[in-house]
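The structure tokens that follow cover one protein chain in two forms, given apart as structure 1 and structure 2.
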Structure 1
């Protein structure tokens, strides 16, 4: 069997199906999108007019596109500096729970398996100006109702909170798995030496789960760059484009306005921006924390 696997022909036959799927569903769409990004096409007619880099020049010169880029940046910043610390905190708390640990893990994971449409509608009721939960609480302390989704000052923050609520549980399960895989002898030895729970968490547990935290950050960045569904459900990019992200900007032009060539140019820019951001993170931070030895 080992001799057969060393045969280049046999090896090629084994990887060929996966390679074909990769070419069909990944490589071909990328080059197809790149081709159409250089054209003026409505996505329906047989006429495809080559326009060179005009679509990219138009996008980079459009203020609304840069607003969408900025909003994707807010997604990244919120995920990295607010959501990830909360993920680590809740993971540490759940890991130290003695009873009903499975219940807590299931409870935090539930939002991740719910439809984004359901979550958007649910939080839409929570943000509702007249009967929403948030404004009811604010009314108790005498604060006037806040128009969470129709006020430019609060709309983006409202979406960020909702998106974080949906995906925090998914990442908690990942970090929790890493915490529970740490040998118990390390924690027990530290406790015998007199280390407090806080000291054990910060000096033993956190350094040992840095690789999985790095993965969570990278996945959060990638997810922030392709965020679209929660924005479409809750605000459709409004009010006045203040919650537009690159993906919704692309959808608006490629599908709604039948500017398929321009939409593909936006898709290429999203791909390039995501590649640059994740590559910078990998080069500057992630590679330093790839492996931890117990």
Structure 2
């Protein structure tokens, strides 16, 4: 009876289309990026000149590249130290209210399903110096208009706030799911022992959701490393390159300036930096990440 499910020809025909696409669009590009990162090529001509590690040397000595690395760093720091505490706080609050729980959960997630490009436009309007919402609010308290996106001092911060607005709810829902899957008896037992709501949240719930918080941090780091569309839409990397991130710098070089080899070197560096940052995080903080049994 197993013969028809063992038919190798049918098996091959079933896996082949997906496998081919996967190999062409995931595996081949990795090797292709590695190869072209070692060349000086404009992306179109027939001659590909092998230049060894030149592109990497150039990138590591390129001030503007380091500004983009630093900006990815801002994305990481902002999400880990500002967003994550807020995510945990709001998740705990939503988990513990009885009324309106569904409303909170549904509403906070909404920004995350929307196009980053459109959110960039929407927030561009909110930051608009003369008629935008932000300056109108500040105007009420008597603060002079701020040029949020065209002032070097504020542009990066403005992007980080928009990014946080988009993704905080997404992570809240993940953390909330973890909190709600904790058996209620634990909390009830503590309540009988006289623990206050605050004590229960910090001594019981919080330790139990450490693994999911760890996942949230990992995902934020990964997200921070690939941030690009929000920057392109809101500031195009400006003013004066102050909001450039690695991915936008890569695109600018490879597609706009026809420095395909150099662009690929930056792509490889994005890969390597992501690996290093996540490995470091795992080594330093996620070691005690043992499975939690209730």
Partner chain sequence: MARSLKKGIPHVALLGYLVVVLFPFLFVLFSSVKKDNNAIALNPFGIPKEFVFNNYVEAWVNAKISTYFFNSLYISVLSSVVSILLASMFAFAVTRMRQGKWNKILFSLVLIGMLIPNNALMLPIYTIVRKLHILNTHWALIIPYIANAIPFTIIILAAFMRSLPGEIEEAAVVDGLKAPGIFARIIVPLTVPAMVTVFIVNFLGNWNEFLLANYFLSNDELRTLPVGMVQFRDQYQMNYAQMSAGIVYSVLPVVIIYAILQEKIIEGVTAGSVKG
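Keep in mind the model is a prediction, meaning the values are calculated, not measured. Positions refer to the first chain, counted from 1. Rigid core: the largest C-alpha set superposing within 1.5 Å between the two forms.
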| remark: The form predicted alone is shown as structure 1
| field | Rigid core superposition, residue 13 Cα moves 2 angstroms or more between the two structures | value | yes
